[in-house]
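To begin, one chain is listed below as structure tokens, in the form predicted alone.
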Amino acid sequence: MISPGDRLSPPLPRRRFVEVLLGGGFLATVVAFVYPVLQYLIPPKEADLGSDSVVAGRTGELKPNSGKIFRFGNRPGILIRTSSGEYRAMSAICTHLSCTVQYRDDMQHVWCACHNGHYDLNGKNIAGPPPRPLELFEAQVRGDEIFVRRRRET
């Protein structure tokens, strides 16, 4: 029972209610703008979904002095058949700005069209802006299939 001396707590004033509502809306707006910017600046690490060995092609598929792009896990690789018939495989991601490289049969080396980067058939950067060589893979012919696998550090 409420005695006449007891005071009830005062109701929440309308002004305070509006301040809380506007503050929450402002905070949600800031988070909606900042979160995508942080996602862009700090991209999540990509999981390598592939294995250490893939079938990159068949022996009759490539003629001498040609190349093709194949999928190695979640990244592209490039398989090259040299003029002498030897198979070479390497990453197809330019070390400059991660563009996909291609084999140029007229120059007989790997070329990045984005910023005119050049790599020799051993993946070594020989001209242009690429700062590092391409990652080399091992290419082995088994039957009529060409297997490519990552090089193991010894």
Partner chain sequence: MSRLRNVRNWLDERFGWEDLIAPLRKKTVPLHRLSYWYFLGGITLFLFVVQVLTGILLLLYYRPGANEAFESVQYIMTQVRFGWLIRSIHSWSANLMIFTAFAHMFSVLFLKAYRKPRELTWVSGVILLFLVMGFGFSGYLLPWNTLAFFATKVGTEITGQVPIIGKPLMIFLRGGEDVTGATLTRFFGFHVAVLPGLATALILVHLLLVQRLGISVPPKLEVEWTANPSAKREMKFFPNFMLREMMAWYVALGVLGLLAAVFPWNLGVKADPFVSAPAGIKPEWYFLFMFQTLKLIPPKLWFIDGEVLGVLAFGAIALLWLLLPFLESNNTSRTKRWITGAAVFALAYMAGMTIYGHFAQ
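Bear in mind that the values here come from a model prediction, so they are computed numbers and not experimental data. Numbering follows the first chain given and starts at 1.
Quick note: we don't show the form predicted together with its partner chain, though the next part is all about it.
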task = Just give me the single entry in S53, Q108, N116, N122 that has a non-hydrogen atom within 4.5 angstroms of its partner chain in the predicted complex.
result = N116
note = Heavy atom within 4.5 Å of its partner chain in the predicted complex, from candidates S98, T59, T29, S66, belongs to S98
inquiry  = Is S83 part of the interface with its partner chain in the predicted complex - any heavy atom within 4.5 Å?
reply    = no
inquiry  = Is Q102 part of the interface with its partner chain in the predicted complex - any heavy atom within 4.5 Å?
reply    = yes
request  = Look up in the predicted complex whether P36 has a non-hydrogen atom within 4.5 angstroms of its partner chain, and give yes or no.
outcome  = no
query = Counting only non-hydrogen atoms and a 4.5 angstroms cut-off, does Y87 reach its partner chain in the predicted complex?
reply = no
